[in-house]
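The form predicted on its own is given below as one chain in structure tokens.
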Amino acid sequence: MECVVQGIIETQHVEALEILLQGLCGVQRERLRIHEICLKSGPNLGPVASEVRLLCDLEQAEPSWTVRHIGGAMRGAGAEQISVLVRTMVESKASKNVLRMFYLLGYKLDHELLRVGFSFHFNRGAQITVTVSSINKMLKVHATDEAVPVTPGIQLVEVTAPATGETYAEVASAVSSFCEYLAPLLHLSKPGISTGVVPTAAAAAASLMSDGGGTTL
């Protein structure tokens, strides 16, 4: 299970966001280059379609693979009262033959993306990960070197934190509290609820660039 919020920011303000995150987190960023392959089950696997994502970390000297399955979101009055999305999520490390295995099982390629950017991992009331990345589409199957931006000039910001059925309320609160610090630059909300670019982003970015974001909060 995980708590997640998303938002968008103009590429021209990403450097300012990085300065802000560096000050908030007190840790170094990690480079991000992920080849994401989305597979969907074929008819031989039953009437209800299932989807898995294979993530290949291209930043590693030897690319490493992860299998991720994102399940349904929490529903009900409790879910509506919190500002983050709580959903089931299971992931596991896999070998380099994982794509072939899923093809043999009957899964088919639905689409693939290349995410390029950076991430921060830190503890602030919960184990929080912030990723900032451009989303790129493939012009040819698996041709990561020829990927082009889906939305030029815009990058996706995602804040996630692992949770359990007992801790999700506390984790959601920690994520929401952290996101308030980013409010001048971008608005983060549940996936699928886009509020666009924040009007105050340019002024906030200019302020951060001028003082270098030297304060750790």
Partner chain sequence: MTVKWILHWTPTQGSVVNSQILNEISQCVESFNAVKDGRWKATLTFYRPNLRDPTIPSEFPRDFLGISLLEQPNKYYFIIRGNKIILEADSTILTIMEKLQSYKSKVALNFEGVQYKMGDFQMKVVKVVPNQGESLRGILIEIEYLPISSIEKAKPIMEEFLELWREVMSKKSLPGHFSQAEPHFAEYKLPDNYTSQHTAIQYAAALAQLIASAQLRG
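Numbering follows the first chain given and starts at 1. Here the structure is a predicted model, which is why all the values come from computation and not from measurement.
The discussion below concerns the form predicted together with the partner chain, not included here.
Asks: Scan Gly42, Gly153, Gly192, Gly165 and let me know which has any heavy atom within 4.5 Å of the partner chain in the predicted bound form.
Replies: Here the answer is residue option Gly42.
Asks: Answer with one of Met74, Ala94, Leu113, Leu109: the residue that has a non-hydrogen atom within 4.5 Å of the partner chain in the predicted bound form.
Replies: Only one listed residue qualifies here, and that residue is Ala94.
Asks: Can you check whether Leu185 is within 4.5 Å of the partner chain in the predicted bound form, heavy atom basis?
Replies: Leu185 lies outside the contact set for the partner chain.
Asks: Just checking whether Leu104 would be counted as a contact of the partner chain in the predicted bound form - the rule being heavy atoms within 4.5 angstroms.
Replies: Yes, Leu104 lies within 4.5 Å of the partner chain in the predicted bound form.
Asks: Give a yes or no for His69: in the predicted bound form, does one of its heavy atoms lie within 4.5 Å of a heavy atom belonging to the partner chain?
Replies: Within the cut-off, so yes.
Asks: Within a 4.5 Å heavy atom cut-off, is Ala49 in contact with the partner chain in the predicted bound form?
Replies: So Ala49 counts as contacting the partner chain.
Asks: Heavy atoms, 4.5 Å, the partner chain in the predicted bound form: which of 126 to 134, 78 to 86, 95 to 103, 141 to 149 makes the cut? Say which one.
Replies: This holds for exactly one stretch, 95 to 103.
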